[in-house]
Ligand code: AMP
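Shown here is one chain on its own, the form predicted on its own, set out as structure tokens.
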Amino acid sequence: MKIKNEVITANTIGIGGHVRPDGDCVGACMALYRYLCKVYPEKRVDVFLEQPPGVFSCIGGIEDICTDFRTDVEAYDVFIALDTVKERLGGAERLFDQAAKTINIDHHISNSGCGDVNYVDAGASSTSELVYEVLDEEELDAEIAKAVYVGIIHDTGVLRYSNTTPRTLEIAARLISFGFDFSELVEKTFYEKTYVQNLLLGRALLESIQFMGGKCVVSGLGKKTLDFYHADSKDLDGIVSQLNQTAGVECAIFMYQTGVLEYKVSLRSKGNVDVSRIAVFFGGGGHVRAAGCTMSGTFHDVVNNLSLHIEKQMKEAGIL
């Protein structure tokens, strides 16, 4: 699929990604937005996302994002959902539903496709990689390449995770040939943390608990803690991945309180546990090694409910 062919007759195009956008979501949306604005300057192109973390301000045009989801377009000719199913588009879901034509590009194994046109490939490293595939390379520029690169490095752990394929590396090599400072980009958007982020990471690690013979680790932060540090979800990026690096751990759980008896849960696995199956069971989704969901109950209720599924898979894999 080439995106130019899918939107050639459209006068208005909307682009949206999932709530609490991460690096892949932001990179994919901004790359596609900049590309369509470049190749079709006569068309109206709007991009809708919740306010991205400040580290992504290095992506050109990010100030164009409609974070309030307001538009004077009655119905877009085409609306493109990236890195998500339509139910997680947040304020953009109604725009997707009202569009004359819908396109869904995603790499989550839990997504069966929600558009009139679907490009869903769970074997891809990231949605940004799939966005690269639907663009015409000769029409890329340094800013578009930078946005795609940001998305790829964030969903592959800077090309370290097992979802990194030879094709991923080939694309990354082509992207950095555009001449942007990829080393600084990695440092600023992936590794660099604020003081508050480091404090929260420290709290999460200090209060973590290993169980199932050390093969599972869990940690959580309550609303009072988040309020004390004046923190939000953007300050919690990377905690679950750090927990998953614990020696001997096969599955990591990190959760933070979002309301009364409500937690946002992130799951990570080293491969023997398919956390996407668990997340889908509880109404979420994701990948085999990285997934998430929202759950109700006390901290211990949530841990106990998740543990039943994790333990079952570990026994099936013969590691427990």
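All values reported here derive from a predicted model rather than from experimental measurement. Residue positions are given as counts along the sequence shown, with the first one as 1.
The discussion below concerns the form predicted together with this ligand, not included here.
Answer range among 66-74, 46-54, 279-287, 32-40 for contact with this ligand, defined in the predicted complex as heavy atoms within 4.5 Å: Correct option: 279-287.
Please run the contact check for residue 86 against this ligand in the predicted complex: heavy atoms, 4.5 angstroms, yes or no? No, residue 86 stays farther than 4.5 Å from this ligand in the predicted complex.
Just to confirm, residue 62 within 4.5 Å of this ligand in the predicted complex by heavy atoms? No, residue 62 stays farther than 4.5 Å from this ligand in the predicted complex.
With a cut-off of 4.5 Å between heavy atoms, is residue 266 one of the residues that contacts this ligand in the predicted complex? Yes, residue 266 is a contact residue.
Is residue 215 close to this ligand in the predicted complex, meaning a heavy atom pair under 4.5 Å apart or at it? No, residue 215 is distant from the partner.
Answer option from 291, 26, 273, 255, heavy atom within 4.5 Å of this ligand in the predicted complex: So the residue touching this ligand in the predicted complex, by this definition, is 291.
Residues in 103-124 with any heavy atom within 4.5 Å of this ligand in the predicted complex: Just 108.
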